[in-house]
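Same chain, two versions here, written out as structure tokens and called structure 1 and structure 2.
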Structure 1
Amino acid sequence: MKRRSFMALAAAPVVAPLLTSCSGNANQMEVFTWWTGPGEGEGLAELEKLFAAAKPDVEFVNAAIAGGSGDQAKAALAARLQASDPPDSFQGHAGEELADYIDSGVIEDLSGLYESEGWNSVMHPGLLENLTKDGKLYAVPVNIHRANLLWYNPSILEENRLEVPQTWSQLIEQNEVLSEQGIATLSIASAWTQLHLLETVLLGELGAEAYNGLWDGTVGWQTGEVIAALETYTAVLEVSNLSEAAADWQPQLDRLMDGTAAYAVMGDWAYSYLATNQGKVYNVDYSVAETPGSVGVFDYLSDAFTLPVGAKNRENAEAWLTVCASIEGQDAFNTKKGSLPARTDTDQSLYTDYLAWNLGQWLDSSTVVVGSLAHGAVARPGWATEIQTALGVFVQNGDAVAFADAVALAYQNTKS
């Protein structure tokens, strides 16, 4: 008798999870994200509230896994998808980052939902063009971030009588004045920020059309123009504080604020960091412009939600996607996260300061929309990984031709 109860006790930890996982198929909606940080976590909570109002009888399960840019989350997600145990909806960067999922058929084509909900006419046309793959749409974007931004400390520019550079060579020239003052011209941080810088230099030097061509294979990496642009990148790095690179993007921006560096290239999550975390004032403590040579171009990245094949609560997942795409959903989420709505018909008065300037450009029909390399919009995960690895070598040895060769080879090896 005693022994039997002991056995039961010993078996409990093994059996209990099995029982709960069997009974856990009630009316649920499991959303998988990497949004746990300030701003993004609150934005997700807003969406959850709206979902609860639309579907009061459904239990919302927040399956978030922490970690910036979602590397850990993606690893966990891969395991779940390979085991055919998908969440009801998961977050991904819209664009080529989803290509592997699409090719292996683990996420559904949402063109029908776009059609029935009328999203084709309300989502940003430039964005839709970027997201469409073989005439199909696989994800619903909730927000838009911009990557081609040059943040600067206006008082440093004023003191040294400098203008915001319009080309990368102008920025390099300013180093003469700035280095005399002991100020680094460009602040830089860890490896991914160097990749982020690379894409903005390529965009500025090659123009939007050739930049797009790099990703769809119509512009060769080993051509003279690209090599020249890569050499400009090396020259830009030379006027940066690369040898004393900051540990991450927040300390990278801190150097602007404490006046030891003049410029930093960073996406617009810098805005919520500077304005909310650091309490800095727009156009007083910090200011922003397009990265040199990219005026009129919007280098986007977007967080989007998908519908995995075999989702347990398909109907709820569609309701969730509808909330994500709604005007209320987009406004509630983006005002918290400090990003822009993917829709063009939301309440513009909610977006102030930097966001108002950025929204104006986003909605301007003459703005050209291109996708971000460092944030998953234009290169498949395999290719992007190889580019990052090759870039590490390139930053060290400055061999532009070898880098171009490596990137071109990796493209051949990883395309579907």
Structure 2
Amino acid sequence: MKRRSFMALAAAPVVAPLLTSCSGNANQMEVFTWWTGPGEGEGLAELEKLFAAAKPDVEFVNAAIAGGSGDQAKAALAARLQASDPPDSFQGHAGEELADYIDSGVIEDLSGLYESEGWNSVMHPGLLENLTKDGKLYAVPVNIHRANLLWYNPSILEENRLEVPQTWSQLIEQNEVLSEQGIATLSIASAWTQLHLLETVLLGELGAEAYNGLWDGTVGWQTGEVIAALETYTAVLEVSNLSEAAADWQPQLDRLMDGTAAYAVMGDWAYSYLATNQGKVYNVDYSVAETPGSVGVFDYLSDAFTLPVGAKNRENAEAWLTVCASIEGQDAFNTKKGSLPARTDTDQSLYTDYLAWNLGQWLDSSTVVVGSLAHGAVARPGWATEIQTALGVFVQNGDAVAFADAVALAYQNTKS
């Protein structure tokens, strides 16, 4: 099997309308994202306001395509890049997700912009390390998100005399009590949320060091420890509402708020949805903890923007990237989206409730940082696609050995 690059994501159903909608001119700046949902849409709107203030004569073209985790958007983007019709800037996740774009030569080296704007000294050093490839920087981060979070309904726990589980086994054991009350222990949604859950189970069961080893090839997928962790994942699914999984992450969280589920594993974009869009109160209507087994670990992902080679409005794109990296841009965006700033010199007083708790852990030098599988930090797009495909089978048949074999083979076939 040949190595699959990001181009393999191109999907025919979304190509045609895009190829006829992207004629650019000097008075435009087209930004491509998958931010249309609650919180993320408002965050993007804040950046658009700042860009409009900086470039009042330029039309901002929002080319967002809906869908949590960006699967549809990434397929559409791949089609446009294949057709040499890039937007002026597109969203990507820091880490391995950008590697194929870099190797394929479709995004520009932004190291000069970093130097001229002084960003090397204000961005979080650990994040810069993940953005750097062969000494060059190819994207501008606008935020930091956390993936290893267990959201819960505190009233359900109190009424049933339950504590937040510290291990996945404890969460599974709570199902006996919760199921008697007609409450799902774990709420889950579409395929990408099942991948998101998988990474948090692997992290909790294996620990940070072995989890990292899964992605750099130093820990084998077919070892007994990994198979046992995958079997735990199957057991976790058995106490979820998998048979009636919600379409996306917002209705997944709604089940916590209507009292039909106790827990949900989701990134911290959930905070913006619950606090801002649903008007819920932190530590009253909802609360959050690290996913079982991951206290002291920060499973990160970061949204970043690129400058594609051949962008029609290059000057405007650089102005957009400057807005994204500014203190004003990062504070305006992240307080809406429920994420943390990539810069270390923003106004920390703006980050309250959950965000204050999370910011303290991100800046704590003792926190162990690992990267997210489901959100592009640790696996190249080709391998990640193969994992997602194999997971769809694994969720149905529960065959941990077959899944591990498929992922190990895909790693060999897709590694650079």
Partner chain sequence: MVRQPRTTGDEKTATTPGQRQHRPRTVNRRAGRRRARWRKTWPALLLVSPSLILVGIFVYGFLGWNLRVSVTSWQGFAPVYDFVGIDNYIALMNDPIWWRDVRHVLIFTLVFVIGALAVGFLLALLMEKGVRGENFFRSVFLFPMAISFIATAIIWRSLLDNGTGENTAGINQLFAYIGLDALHSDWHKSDSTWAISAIALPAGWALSGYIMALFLAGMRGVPDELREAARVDGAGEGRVFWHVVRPMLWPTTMAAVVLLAHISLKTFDLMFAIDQRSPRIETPALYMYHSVFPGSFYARGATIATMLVIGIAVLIIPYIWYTMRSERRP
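What we label the rigid core is the largest C-alpha set whose atoms superpose within 1.5 Å from one form to the other. Note that the structure is a prediction, hence the values are computed from the model and not measured. All residue numbers here follow the sequence of structure 1, with the first residue given the number 1.
Chemist: Which one here is the form predicted on its own?
Modeler: Structure 2, which is the form predicted on its own, differs in this respect from structure 1.
Chemist: When you overlay the rigid core, is the Cα of Gln222 off by 2 Å or more between structure 1 and structure 2?
Modeler: It does not, since the Gln222 C-alpha is displaced less than 2 Å between structure 1 and structure 2 after the core fit.
Chemist: Relative to the superposed rigid core, does Gly329 relocate between structure 1 and structure 2 - that is, does its Cα move 2 Å or more?
Modeler: Moves: yes, 2 Å or greater.
Chemist: So how many degrees does the small rigid bit swing against the big one between structure 1 and structure 2?
Modeler: The angle the smaller part turns through between structure 1 and structure 2 is 18 degrees.
Chemist: After superposition on the rigid core, what is the displacement of the C-alpha atom of Val106 between structure 1 and structure 2, in Å?
Modeler: Spelling it out: core superposed, C-alpha of Val106 shifted, distance 3.7 Å.
Chemist: Superpose on the rigid core and then read off how far the CA of Pro56 has moved between structure 1 and structure 2, in Å.
Modeler: Pro56 is displaced by 8.8 Å at its C-alpha.
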